[in-house]
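Laid out below as structure tokens are two forms of one and the same protein chain, each shown alone and named structure 1 and structure 2.
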Structure 1
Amino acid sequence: MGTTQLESVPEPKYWHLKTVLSDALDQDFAVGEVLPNERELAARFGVARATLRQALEQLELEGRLQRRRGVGTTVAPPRVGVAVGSAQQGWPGEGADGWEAVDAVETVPAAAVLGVLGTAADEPVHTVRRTRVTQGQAVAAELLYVPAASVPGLSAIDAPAGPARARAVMRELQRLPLEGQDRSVELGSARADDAKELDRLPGAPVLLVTTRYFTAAGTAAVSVATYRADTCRLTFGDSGVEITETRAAS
């Protein structure tokens, strides 16, 4: 062989591996198909298992693969488009959009949430847990924080903890005149309880959607929704149309 210029740009092995695997997924595998196990794949590509795993991790992050302990690695279906910001605003629980009330208790939110709520640490806050299911799959877990001061009528209705109580809180909320809302999206990692709800391991990448609901009196409620980042594409449709297909990055 001649003095071929090589290694001038030493691309990391896992990066190159990811590209190769990605192409293979496009050409030789169908959705749902199981890949060879990690030890065999590593051997086949002549790399250590850790290196192979680094490539698989990236592909999972991009929603191309799905890995389950004790089962194997399968080719993931395209991401599910989940409507988050519909054209018209509304209180949580209005309309049948896949959310299901799970529970409601009175807690002291984390400091970060208190900052968004704008309440003090000793104020009682109703915390409603909801789950969102789309196409038979749990895609999001939500914690809805409602200061007791926002729903004074609720104290009379002392429903027992559970879905009924959760619905009672939201019913009271919906009586208020909604003045506005705003929303933010950021990357996070799943807390242990959310991970369990979403059938993922703790620390799995998630999209955190924080929504503030305003009345004339100020911030009436704050929702922190945790979406599975691997399987979800959040859609904010200002028009009625839906994006049908997308694929993450190169």
Structure 2
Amino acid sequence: MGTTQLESVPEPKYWHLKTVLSDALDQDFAVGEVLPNERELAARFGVARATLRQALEQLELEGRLQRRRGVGTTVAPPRVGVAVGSAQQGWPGEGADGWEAVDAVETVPAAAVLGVLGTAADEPVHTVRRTRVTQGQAVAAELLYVPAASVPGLSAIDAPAGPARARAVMRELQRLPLEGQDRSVELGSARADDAKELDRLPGAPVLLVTTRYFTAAGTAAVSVATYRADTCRLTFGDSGVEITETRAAS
């Protein structure tokens, strides 16, 4: 990597640095190679470490870099788009939706989730936890909130715990006639528990996707999914916002 000094440029310094770093990744580094530490990179390019971090974060968002706990910042492999969402609407767990059930427990969701569900704090809510894994790597984690009133036929005897319990909750939910769903997407930062599950550093950029499923009676369930921002992107089309998972090209 060269030692180009960044002086007066008409664009933000971090953005120009991002371009320089991107060219260096193509020319001087191999896929999977660990980059020098921030102190060395900042010295090479004559920039403050804060400017360097902005450039690295942007490259991470674009899928050029990956930051891994205990490893450092590495060059990401080339990626191609793989559709995650579709124009068709359905309940969670229907068909091959790419998610793996982990467990289900009764919890008291955060006030914001209770507000979307329209349930009181003392009403029981089943919280189903699922993960999405691609090529052995967790790329998303989901919490699906299902009020007990939505699945009155659920039996604790048939599936008391674990993945079987999670599948039982979703199976009962699928018995309801789905009227529709709506979705919101925002950029956020990984909380400590999300970061650990997704092998990211706390505060790493993530996409937070909230989906509300409703029947004629009202909101039947709410999903809050956390996607790794370096492995997913948003696509805006005629059918609305689509989430595209990226995967290493073979």
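In this text, the rigid core denotes the largest set of C-alpha atoms whose superposition between the two forms falls within 1.5 Å. Bear in mind the structure is a predicted one, so any value in this text is a computation, not a measurement. Residue indices: 1-based, along structure 1.
Structure 1, not structure 2, is the form predicted together with the DNA.
Core-superposed comparison between structures 1 and 2: the C-alpha position of D26 differs by no less than 2 Å.
If you fit the rigid core between structures 1 and 2, you'll see the Cα of G72 move by 2 angstroms or more. Relative to the superposed rigid core, D182 undergoes a CA displacement smaller than 2 Å between structures 1 and 2.
Structural comparison between structures 1 and 2 after rigid-core fitting shows the C-alpha of G46 displaced 4.6 Å.
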